[in-house]
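One chain is shown next in C-alpha cells, namely the form predicted alone.
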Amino acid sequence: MLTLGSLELTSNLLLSPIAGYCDLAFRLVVRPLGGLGLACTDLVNPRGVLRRTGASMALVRTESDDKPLCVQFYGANPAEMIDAARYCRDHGADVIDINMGCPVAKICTRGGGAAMLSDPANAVRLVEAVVQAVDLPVTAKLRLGLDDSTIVAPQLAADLERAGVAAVTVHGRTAADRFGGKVRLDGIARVVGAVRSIPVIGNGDVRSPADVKRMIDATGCAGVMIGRAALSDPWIFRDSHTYLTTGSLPPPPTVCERLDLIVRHFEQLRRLKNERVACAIMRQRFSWYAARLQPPPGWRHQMRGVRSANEFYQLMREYPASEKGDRNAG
C-alpha cells in the first residue's frame, strides 16, 4: 500500500504525532482496530534521549505490538539528532521523522519545527546527515511555509528527496495559519508535483473516510496522516482503509465496543504508568471519546472526576443500560 524506503506498510494511513496524546498506551489500543499503517511518537527532543530523561524515555518507549513505529524528532543539532536516531533505531524504531512544521513557540525557539522553514538549505543539510548516518527510512514533516509570502514546501521537498528522504508529509497550512482556516489541498498537490518518486503524505482537516479519499483525489498524495479525528474515533483508520479499498464503510462500532476500548485504554495506561496517572489522563481523554459516545450528562460529569481504578470500573459498569444496548455509535 505504501513503501518508505525498504519498509512496506500495510496501509497508506498514518497516525499523526499529536503532543500529549499519541503515547504508547494509545497506540496499543488503536493498532488492533485495523487500517493503521504507521504510528508516530509525540515530538521528541534528541537531547532528552541522549540524557535519558524520564519524559523523553516515555515518549520513545515501545513494545513488540507497537510496530511499525516512527519516532519524530525536532531540533537543529545534527550530531544530537544522529545519536538519538541511532539509539531509537536500536530500541525499536522503524522510521525516523524530522519535524519541520510544528508552529509552537517552545519548539521553534530551539530552532526546530517550523523555524527550519526559514533556512531550507540548513534543513536539508541536517536531514542529509541523518540519512547518511542511520540505516532506517528517514522522513520529514513540513508545513507549506512560514507564511503566505514564504511558501517553500515544494522546493524543499524536492531538495529533501535529493538528500535521501524516504517520504515527506505536508500539513496543508503555513506556520502562521497554525490550525485556522481550511487546509490548502492545492498546496499539497504542488508538493506532490515537485518530487520525482518519493511518496508525499497529506495532512490536515481529515475528519472522516470521505475526507481521506477527497485529499488523495484532489492532491495525488500517496497516503494520509490523521490526527485529532483519531482521538475521538480510533476506528477512523479501519473505516478509511475499508472505504479506500472497497468503496463502502463497515458498520460503526457499537456503544459497547466504544466502552470496551475506553477500558482497554485505561488498563494500558495503568500498566505502563500507574493508577493515579491513568486516572488523570483518562479524565482528559474522556472528553474526546465522549464526542462520539455521547453519554448522559450525569455519567459524563462523574467520569471527568474519576480518581481511582475502582471508581473508574464502577462507572463503566453503571453506564446506563438504556444507552448501552447494542446500538451503533457513529
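Residue positions are given as counts along the sequence shown, with the first one as 1. Please read these numbers as outputs of a predicted model, since none were measured by experiment.
The discussion below concerns the form predicted in complex with a small molecule, not included here.
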Is Asp159 a contact residue for the small molecule in the predicted bound form, using a 4.5 Å heavy atom cut-off? no
Could you tell me if Ile226 has a non-hydrogen atom within 4.5 Å of the small molecule in the predicted bound form? yes
Evaluate Asn99 for contact with the small molecule in the predicted bound form, applying a 4.5 angstroms cut-off between non-hydrogen atoms, and reply yes or no. yes
Can you work out whether Asp66 and the small molecule are in contact in the predicted bound form, taking contact to mean some heavy atom pair no more than 4.5 Å apart? no
In the predicted bound form, the residue from Asn203, Ser240, Thr174, Thr219 that sits within 4.5 Å of the small molecule by heavy atoms: Asn203
The small molecule isn't shown here, but in the predicted bound form which of Leu9, Ile18, Val306, Met316 has a heavy atom within 4.5 Å of it? Ile18
Can you pick the stretch from 50 to 58, 273 to 281, 23 to 31, 37 to 45 whose heavy atoms fall within 4.5 Å of the small molecule in the predicted bound form? 37 to 45
